[in-house]
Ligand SMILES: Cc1ncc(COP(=O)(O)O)c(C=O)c1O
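In C-alpha cells, one chain follows: the form predicted on its own.
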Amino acid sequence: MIFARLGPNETTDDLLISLKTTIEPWSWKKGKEISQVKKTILALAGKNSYKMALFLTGRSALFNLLKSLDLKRNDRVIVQAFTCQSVIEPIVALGMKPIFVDISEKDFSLDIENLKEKLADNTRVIILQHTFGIKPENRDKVVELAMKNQLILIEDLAHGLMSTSLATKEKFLNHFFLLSFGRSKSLSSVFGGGVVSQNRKIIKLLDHGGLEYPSYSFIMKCLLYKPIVVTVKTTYRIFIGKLIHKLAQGLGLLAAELTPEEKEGNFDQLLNKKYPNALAKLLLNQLKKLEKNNYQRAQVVNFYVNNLSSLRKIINTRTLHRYQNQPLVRFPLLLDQRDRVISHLEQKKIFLDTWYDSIIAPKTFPLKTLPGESRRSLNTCTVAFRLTKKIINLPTLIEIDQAKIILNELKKAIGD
C-alpha cells in the first residue's frame, strides 16, 4: 500500500509522541518546545540575523504578515496561477488584489517575463512559490527584480524546507520566507505555519500580535491525527484501515484541513491563532528526521529521474533532470490520459495525487470571490491551465523498492 497524500510523513515514532502529549494537557498551549522549534529552524539558515514567528496555519502566517506591512486596500499582490486557495484567501480578506502570473513548465513557478508584464504602479508584493519544493529557475532574478523596484518579496516554502532555501541578500529587509507544517508538507505537525526574516521589527510585531491559542478540543483532534493515520496506513490493505478512517471522519475526530468558511472562499478567523506547544512537540520530532528524510526524498527523486526520462509518453521528460538531488515533497509528471493512469494504479493499491488539478486548488474554490481584475489576470495564464489537466504526483518519502513498484505499474498504465 503506497500513499502520496495520506500522512506521508507520519511513522510510529510520531504516533508515540502524539500519544504521550495527549496525557500532558498542561503543556498543550504554552511550553519550551515553541522556542526550541524556532531555534532549530533558524539554525538551518545559519544566520544570527534571522528571527521567526509561528502561527497555527500557513495562511494565518501570510494574513498576519501582509497585515503588518505598510500596505493599502487595492494594492496588487503578484501570485502564480497553479496554486492553492490558502495563498489567495488572506490577500482578498485584506482588500488587496491577487494578480496572477503564468508559470514555467520547467519548475511550475513564476514565469519571469509574464511577471514583468504584470507589474504596475500599485504592485507591492511578489509571492514566489517553490512548487513541490523545486527551487525556481529564476529565483535570483526575482530577488533582484524585487530589490530594484522596492517590492516586498515573500518566498513560499510551504512545499519543502532546506537550509539553501533560506537565503537572502544582506539588508534586504523586505524579504520574508513563508513556512507551512500542514499534514501534507515536508514537515508535519498536522497544522502550523511560520514567517522567517531578518526584518526584526516585523517579526516582533508578528510575535506580539495578540492572537489566542486554539481550543483544547481542536488541539486534541490534532494530536489524534497521527495515531489514527499511522493505524489507517498499516491496516488499509485488510480493509480495517479504510473502516477506521471513515469512522474517524464520521465521528469528527480529525480536524479538517479546510473549514466550511474556507470552502466558501473566505479567510476563516477560526484558524487565525497562535501556534500551540503541543504541535511544537510534534514538529520537533519531524525536525530531528528532516535531514534523513530529505536525503531519502532526494534518492527517490534521483531514481525517478534516471528511470522516467526515457519514457516517451511522459510529457515533461526533458525537464526531469532539473529535479536531480532535490528533496521534493512530491515528484511532478505530466501525462495524457491522467485519470486512466490514476485509476490503474489505485487498483494496485497505489494512491497518487494531483497537485494541482485546478488553477486554484481545490477545484471547489469559488472563483467568483476574486476581484474582477484578479479573474482577468487568471484567465491569461494559459500554461498553468494546460498543466492542471496533465499533472500527477509521485510520492518521494518512500523506499526505493516502493518506487520501483510505482514505476513498473506506471509503465503498464501508460503503455510505454
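Not measured: the values here are computed from a predicted model. The first residue of the shown sequence is 1; numbering continues from there.
Keep in mind that the form predicted together with the ligand is missing from the display, and what follows is about it.
- In plain terms, the part of the chain that comes close to the ligand in the predicted bound form, with a heavy atom within 4.5 Å, is 57-65 out of 57-65, 34-42, 382-390, 363-371.
- Within 4.5 Å of any heavy atom of the ligand in the predicted bound form lies no heavy atom of residue 332.
- Residue contact with the ligand in the predicted bound form: residue 185 places a heavy atom within 4.5 Å of it.
- Mapping the unseen interface onto this chain, residue 192 counts among the residues with a heavy atom inside 4.5 Å of the ligand in the predicted bound form.
- In the predicted bound form, the ligand sits within 4.5 Å of a heavy atom of residue 158.
- This chain is displayed alone, yet in the predicted bound form one of 87, 219, 202, 232 has a heavy atom within 4.5 Å of the ligand; that residue is 87.
- For the three residues 21, 225 and 285, a heavy atom within 4.5 Å of the ligand turns up in the predicted bound form in no case.
- Residues are counted as partner-facing when one of their heavy atoms sits within 4.5 Å of the ligand in the predicted bound form; in 114-134 only 129 qualifies.
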